[in-house]
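To begin, one chain is listed below as C-alpha cells, in the form predicted on its own.
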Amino acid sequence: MNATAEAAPDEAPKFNPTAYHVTKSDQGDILDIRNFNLWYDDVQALFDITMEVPRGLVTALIGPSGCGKSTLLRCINRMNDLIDEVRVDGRMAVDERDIYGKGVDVISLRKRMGMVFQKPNPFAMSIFENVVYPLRVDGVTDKSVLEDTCERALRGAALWEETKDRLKESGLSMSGGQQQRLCIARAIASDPEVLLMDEPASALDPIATAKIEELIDELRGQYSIVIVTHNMQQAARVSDNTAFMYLGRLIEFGHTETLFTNPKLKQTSDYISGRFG
C-alpha cells in the first residue's frame, strides 16, 4: 500500500476495496458495482469501478470536476443511455439484478430511482401537480390517492407546512430552496428505492443548503441515498460513507469520518486538504 500511497495524483492507483472499512447496513446492500467501465465513443470515462452501496444509508461521491462522479451517478438509473455512443461493461446490480442485463425494463428501473439535479427544475404547473406528476404519468387519477401522496411527499420533503395552503400556486413562485425541496418531494412521491442527488445544494444559499442537508438526514433510512457533491464539508456532514474519485477511477471508499480524518492514500489526503482539485 505504501508504494501506491506515494503515487502522483495523475497516476490514479487501482482501488483495493478489501482494504477499506465501509459502514454497513443491517438491511444489506442496495447496489453492487463490479469492474464497471464506461466509454463515450472511444474515450473511457470510468475505469473498473467496484463498490457496494448499503441500503438505507447515505453515500457521497466526491472528487474534482470531470472525475466521473456524475457519470457514475447517472449510470445507476441509466440516464447515460440517452447519450449517443455510450457503452459500458462490467456489472451494476440493484437488489442483485444486473440493471444492464438483457430484458431490463429501463422505464421501470428509473421509477425505482428518484433523481434530484443540481439546479431546481420544477415544472410550470402548480405545487400539487409538480408533486403528483410521477403518478399522473402512471395513469393514476384517484383524487384521494393523489392528495394523500402529495401530502406524504411534501411532509417527507419538510415542505408541507410551508405549502399546504398554496398547493394551487405555481411551483415557479417558490424560492430556490423551496423549489429544490419541491423537486425532492416529486422524486419521492413514487416511493423510490434509491434517491440520486447530483449536487442538490450547489445553487442554493447557505440557509437553503442547511435545510437540504437536514432533509437528507431525515430521509436516511427511508431511502438509499447517493449524493454527488463538490462540498467536502457537506459530504462529511450528511454521509455515512464517502467515495473519492479521480480520473474516472474510484481511489478510496470508506466510512466518512475515517476517510476525512485518516485517509489511506496520499491522493485522498491531498484532495481533502485542498492541494489539488
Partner chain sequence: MSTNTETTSNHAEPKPGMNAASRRYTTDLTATGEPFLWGLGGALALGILLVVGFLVLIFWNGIATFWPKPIEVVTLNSGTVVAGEPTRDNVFKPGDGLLERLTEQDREIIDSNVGFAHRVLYRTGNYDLYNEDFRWVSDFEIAKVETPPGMYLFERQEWGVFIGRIAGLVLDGESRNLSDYDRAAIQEQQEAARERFEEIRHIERDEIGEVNYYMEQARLDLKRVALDHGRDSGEYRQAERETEQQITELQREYEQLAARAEAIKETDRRYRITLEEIGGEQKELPLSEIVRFYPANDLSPFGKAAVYFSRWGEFLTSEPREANTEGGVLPAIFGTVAMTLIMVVFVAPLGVITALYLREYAKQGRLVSIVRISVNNLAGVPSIVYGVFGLGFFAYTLGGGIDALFYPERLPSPTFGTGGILWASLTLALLTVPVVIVASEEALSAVPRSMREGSLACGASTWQTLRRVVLPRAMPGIMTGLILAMARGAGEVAPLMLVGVVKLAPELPVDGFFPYVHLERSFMHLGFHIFDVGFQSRNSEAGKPMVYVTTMLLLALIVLMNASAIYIRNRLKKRFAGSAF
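Just so it is clear, the model here is predicted, and its values are computed rather than measured. Positions refer to the first chain, counted from 1.
Omitted here: the form predicted in complex with the partner chain. The next part is about that form.
In terms of contact with the partner chain in the model of the complex, the residue from 93, 167, 146, 125 that brings a heavy atom within 4.5 Å is 125. Proximity of residue 115 to the partner chain in the model of the complex: non-hydrogen atoms within 4.5 Å are present.
When contacts are judged by a 4.5 Å heavy atom cut-off, residue 111 counts as touching the partner chain in the model of the complex.
Residue contact check for residue 207: none of its heavy atoms lie within 4.5 Å of the partner chain in the model of the complex. In the model of the complex, at least one heavy atom of residue 133 sits within 4.5 Å of a heavy atom of the partner chain.
Partner contacts here mean any heavy atom within 4.5 Å of the partner chain in the model of the complex, and among 93-101, 146-154, 77-85, 159-167 they occur only in 77-85. For the candidate spot formed by 46, 66 and 71, no residue has a non-hydrogen atom within 4.5 angstroms of the partner chain in the model of the complex.
Within 4.5 angstroms of the partner chain in the model of the complex, the stretch 175-203 places a non-hydrogen atom from each of 176, 179, 186, 203, taken in sequence order.
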